[in-house]
Each structure stands twice: as structure tokens, then as C-alpha cells.
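Okay, so we've got the same protein chain twice, two forms, each given alone as C-alpha cells, structure 1 and structure 2.
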Structure 1
């Protein structure tokens, strides 16, 4: 690609992206995103091609997965589908032909101009796209969150989310034009009023290239509102809320972003977006940084579902190493049977080191100074240890981006970010439980009120009935009285006509 020439002048130590060959077996988890798994639509023994849908759902939060190699469906469980290559099968390299098929800028414009947002959503959803920066939030759901309105700001996150990861940079070196096209597609899909490419200061040259490339292929109405923002190259500026805050110039919390018309895409996501929408290649691979136990780094384009043990077998002498998925700061240890998923932006292979002793908090406040979003981890910790949800709320636990900066600062080596993640979950459950309780209470009260009401109504009805009953009675009585009076009148009239001797019997006559 023509970009390689430019890349030479940025003294990059980033290893290039290498395609990992299709493994013998892949084990594809059904849930590689935030949300539920979609329904399986293949059967055991069925032959599938690379890129074929394995699951399907119309719910945007149930992102489908695709076969990352061509082969035969081996097993299906509630969690995963295993595929194996056919013994005589053509040795798929796993790489999709890319560069050669690249359409020109003009063709793309015609290609995507016509689609409506729902068409975009459908295509994006069916391509299995999720946020590849690590969040794994379904892309279609993210766009759908905007409703029918255009996005205020579309942020393209080109900042590495962790200091040890370099797959974003490698991708920029590798396929800057595809990313640019992905950005253009994202602009169309979100109808962004403004597009900002956020990149760290040490990659600003690459950022400039990316901007140029975007301006080359994007539509006129977006080009005028597309800009580059360079942020300081310090962890955790790659975090969505921080990068967004930097770029829009005011402090935003994750909740703010969730509730506003701001939207962020990682450049990895943009790359997959152009792959999926232009070439029709769904999300079957992802680029990840591999760090071996000698701290060598590699950027690999891995078929999803590749067993990490394959990587260990290739890169390590011994099999008993520990796998950490995620970067140096936020990585979590996983079991030896783990596979590559859409979330694996970095895979670290290391031999177990002794963990530092965890001591009690000495209230030194070093964590408070370290927190990039100005929380008070020290007070959060004490509130978390007593499960004091009111205080946790006051201390803005929900704004914690779990960046582990506080962990690193803590002289007592307390795993603060982990504790906060747990507390968040507990707090969510607690809030949920409380909401449920409130709902139940409201329901109960409503029911009581309803019962009371109907009782009242019953009473009123009874009253009315009684009064209704009374009235006809009165009317009857009146009628009777009238009758009686008439009869009396007649009797009197009779009396007048008759002799007074019959006087005594007259009332009886009158009554009859």
C-alpha cells in the first residue's frame, strides 16, 4: 500500500500485522459481546464456509457469530460451536483477500450513499460487528441508541487503550485506507454532525495520514466537519470517556456519554466496518497484540475461536504459562482453554510471578492522586467494604473506568479496580432490587387503593341502590296514598249521596 512509504518517517517499533493460518479446530463462543447469544442455525456435521452465519437473531443485542474457518461443525453447546477443518480440505490460509479488491473512493460513495439507517443497522448486525476496542458493545445497538437523530459527535478512537497494546498502531500502518473507508461508512450510518479522530501525540503523523485519507474518500457534507485531535500519550487516555472529554473539551462521565448523542468507534471497528459493508466479509478475524514471556510483541490477525494454546505452542517452550487477555493494565487472567474472541485485543503469555502481598489500606491517598477521572478510590474502598451504596453513589463509583491506575499507585497493592468492578455490579443489582421493591410497593399500594376504591364504589352503589329502592317505595306509597285518597274521596262522595245511617261501615268500604 502506498501508506507504507509514509510510515517509514515515523520511527515505529510496532511489529507489522501477520496473518495467522487457519487452525485445525476453532471453538467459537456464541457470546462475544455485551448481550445474550443469538440462536444457533447450524447443525452438527454441517459443512460451513468461512464467513457463514452460525447463529442468527433479529435483536440487535444478540450479535450473531460466523464461521472463522471453512470446515465441519463438530460440536454445539450452549456456549460455543466447534468447527474443524475437513481432512482433505483445502488448506485455508484464513486471510481474506483484501488489498486487491479495494474499491476506489468514488465507487464507495455510490455504494453507501443509498442506504438508510435501518439498512445500515441490518448489515452491521448481520456482520457480527461489536466494539473491537475491548468493550464488545454491539455496534448496531450503539448506532440504534441514537434513535432517528444524527450523532452530535462521532469520535474515532485511534488511541491505544493500554500501554502494552500496539494493534491499533499496527493496523494504521497496515491498512489506513480501509480504516478511512470505515470511518466514512460510520459517518453515513450515524449522520455525524462532527467527526473527530482522537490519537495520541506519539502517533500524530499517522493521525494526519488517516485524516487525509478520510478527507479523500468521505462525502462533502462530512469533510468540512472532520478533524484530528491529538491527546497526550498517557494511559488511560484511550479510554472512551477520557478521549471524548479531551476531544469535546469538557469532562464527561461514561453515563453522560451513554445518555448523549455522542458515539465512539475504535479504528479496529472501523476497519471491520469497511470489510463487512464494502467487501461483505463479516467479523471472523481480529487483530491482537501478542506479548510472549520474553516481552516480544507481535501483531497477529487471528481467526476468532483460535485456541490460545496454539499460540503458546508456537511462541513458548513450556506449556504451563499463564494467559492474560487484555493489556498490561486492565488484563485479566484466563484459563488455558481460552480462545481468541472479539474482545481479545491483547494476549499476554507469561510464567507465573509471585503476587505482591496485599496489605490493609493505610489511607495514604496515593490512589486519589493517581485516578485520571478524579475519583477518591480510598473512600470508595471503605464504602465498598461496608457495601455502603449511598456513599458509593455519592463518590461516583459509576464513573470509574476500571483503568487500574489506582491499583498501581497503591502501596498496599490492593486490587482496587477489581473491587470497584464487583461493587458496581453489586450496586446495579442493589439498585435493581430496590427498583423492583419499589415497583412491588407501588403495585401493592395501587392495589390497595384500587381495592379501597372498589369498596367505596360498592358502598356507594349500595347506598344508591338503597336510595333507589327507597324512592320507588315512596312513589308507591304516594300512589297508594293517592289511591287511598281517591277512594276516600269516592267514599265521601258516596256518603253525600247515601243516608247517614251507613256511616260506620264506610271506612271499610273505602279501603277495599
Structure 2
């Protein structure tokens, strides 16, 4: 397979971006984001074009997916849609609603400043945009949390979190103007009071170029409050909470960011934003760093749903390699049937040696010293082993960024980050179950109250009805009683007014 024709020139030593050819078959997962899958709107055997919607939902947490190649819908399951490229397939590219070609002399401001926030949300949602830094949080839902208020700070994350990943740097070399336009669109969508571009010190020159490009195309109201912040090039300074804390000058946890008017966009997300809103291209590809077993790195623009086995066949002689999705520090092992998704910022093909034996915790506290967010991993491990969610919450497990620094420091080789990630998920499920139980209890109590009120109303109705039925009888008895009393009263009056009876006998008559 010839890929050299698609190489874009890059001024740095970072591997350039290579366009990976459309595979013969793609398996597109329906859920590539934080949230539920959207409803499927295609059928088996249907012909689709690249960029065409395969699922749809109006819920911002149910992000739609699009066809990454043109072909035929081969299979549909509850988890994925498989597309098969036809031998002489139509090379058309589907798209969302396109903006007309930009007139000469116009800017991002004149074209897109008139959109309301709801228009931004709808277009971003329809394009299937999620956070491409690894979190895959729906972009429209992230903006929607602001309500009608502006963002206090819009942070553009241009710092690679994992030292082995370089796809963001390659994208900066390849498409810095497109990223800048995406940042300008993000400013309009969020109406940010302040915009900060955060980048590591070893890429500060690229950061200056990006800042200049942003200032050339953004509105004056945003340009006056847009700046560049350079952070030390050390892991894991590219993590959202750490980068935001450094840039705003105060310590923030992931919860603090989620519940505030602070918003973070990865530069890959900004690039996709400009592609979607300006060119009308939905999210069908992503740029990922590929690391082969010899530690060679490549940056590929891959169609979503591309089987990773295709990459193995091209880059590896053996087929028994292990696939790790994610960087050297935070990567997770996946099966040979895995495919490229919106979360695949790095794919490692390696032959893993025998894993060291896991031993009990020796309470050395090296993990505490290594934790960049000041947690106590040894105490968290104890609480996680007993599923003590109350203690886990007290110990701020939710603030763990899963950087695996504790894993690297642990002499007992305990996979602490994996245990914490599983515990966080279980804690979320437990919290959700308790919320649902409380909701069900509240609904039951309201229903019982409604039934009791209804019963009381029925009793009142019956009492009133019985009272109305008894009313004539009572009236008749009262009338009879009144007649009797009147008759008695007349008798008493008659007796009272009757003259005394005449006594005709005299005393003389009684004498003989």
C-alpha cells in the first residue's frame, strides 16, 4: 500500500501526517463518546457516501456517527455498523450543511458572529464532534453547560499529555491556520471572556505561530484577551485539570472545571470544529500516532472504524503483537478485533514481555510522592479493595487523572491506575443507582400522597352525597316535630284560655 504520496511536508522532526487509504471494510462503533448511542437511521444493503449520517438524535449526549467511507451497509448490531466498500464505489463525500464559499476579504467574525449559541450547538452536534484529546466528551454538551452565560476562560490545550504521542504537534505543523480558525469559532460559540493557549515549553515556537494566526482571524473583542501560556514540558502537565490550574493560577480539580464556566478544547477538536462549520465536513477521520514494535512513530489520518489489524498487517511482520490504545503512560490493551475510534489518539503495536508479579502493598508511600494531583493512592487502594465508596469519595478518587505515575513508582507492581479507574466507574454506577433509587422512592411517595388525597376527596364526596340524601328525611322529621309542637302549643293555649267549669251544687243540696 503506497502512502508516501499523501505525506504533507513538516518543518520539524515530528513525523508528518499521512492520509491512510480508505479500507475495504470499516466497523463503526455507535458509541464513541461519553453518553448513549444515537438511533440508527440506515438499513442493511443501503448505499451510503462518506460523511453521511448513520445515526441521529436530538440529545446532545447521544452524538451521531457518520460513514467514514463510501460503500454499502453490510451489518448492523447494537454496538456497531459495518460498511463494505464496493469495487467501483461512488467516491462522493457526504457532508452536513455547508457554508457557502468564503467571499474575498471576509473574516470568521463577519461570517459566523451572527449565529446564536443554539445554532452553534445544533451544527456541532450534527457534525458528531467530541473532545479529541482523549476524553470524547460531546462538544455541544460542553458548550451547553454555560447556559446563556459566556465562558470565563477558554483554554486551548496544545500540550501533549503523554510523552510518546505527537499527533497534536504534527497537526500544528500541518494545519495551523485551520486550528486557528477553529479557535476563533470556539470563541464565538462560548463568547469567552478570556482565551488561553496552553503549550509545553519544547513547542513554544509553534505556540507563538498559533497565537499569531489566531490574532489575525479572530474578532477584536477576543483578540484583546487572548494569550499564550507556556508550561514545563513534563508529564502529565497536558492533563486538563493540571494545565487549567497552571494557566489560571489556582488549583482546580476535574469537578471544579466541570461545575464552572471554564472550558477546555484540544487543538485536534478545534481543527475538527473548523472542518465541520466552515467546510461542512463531519467527524469521519482522526489523526493518531502509530508506534510500531521497533518504537518508530507515524502520524496517520485514519478513517474511523478502520480495523487495527490492517495497521498490523502493514507495519508488522508478525501477527501476534499486542495492541495498546493510548500513550506509553495511559494506554490500555485491547483485542485484535479493535478498530479506530474518536478516542484513538495513539495506537501502539508491541510484543509485551512477561508481566512482573504483583505483590502486596508495602506502604512505602512512593505512590503518594509521585501523584501529580496530591492524592493518597495507598489509602485509595485500601478503600477500593473493600468497595468503600464513602471513603473513596472522601479521599477524592474522582480527582484521579489516571496518569499511571503511581503505577511506575510502585515497587510491588500493583496496577493502581487500573484499579482506580474501575473503582471510579463502580462509584459512578453506585451513585447513579442511589440517585435512581431516591428518584423511585420520591415518585412512590408522591404517588401514595396522590392516592391518599384522592381517597380523602372521595370520602368527602360520599359524605356530601349522603348528607344530601338524608336532607329530605331530616326536613320531614323537623316539619313533623314542628306540627306536633304547634298542636301541643295550641292545646296548651286552648286549655289556658278555657273558662272555669260551673259548679251547680250548693251546700244546701248536700244537706238532707
Partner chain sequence: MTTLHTNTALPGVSHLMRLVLAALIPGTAVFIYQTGWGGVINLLLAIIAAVVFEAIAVKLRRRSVRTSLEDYSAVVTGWLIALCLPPLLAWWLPVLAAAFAILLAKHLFGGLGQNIFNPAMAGYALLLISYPLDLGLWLNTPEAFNLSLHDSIAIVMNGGVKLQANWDALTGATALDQHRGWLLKTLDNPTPPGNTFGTIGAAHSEWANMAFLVGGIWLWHKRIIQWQIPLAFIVTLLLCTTIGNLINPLQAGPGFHLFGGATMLGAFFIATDPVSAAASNRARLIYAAGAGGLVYLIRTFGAFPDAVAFAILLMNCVVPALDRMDIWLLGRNNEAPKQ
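Everything numeric in this text was worked out from a predicted model, so none of it was measured. Positions refer to the first chain, counted from 1. Take the two forms, find the largest set of C-alpha atoms that superpose within 1.5 Å, and that set is the rigid core.
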Form selected (criterion: the form predicted on its own): 2
Exceeds or equals 2 Å, Cα of residue 36 between the two structures, core fit: no
Core-aligned C-alpha movement of residue 453 between the two structures reaching 2 Å: yes
Flag for residue 441, CA shift 2 Å or larger between the two structures after aligning core: yes
Shift in Å of the residue 482 Cα between the two structures [rigid core superposition]: 8.4
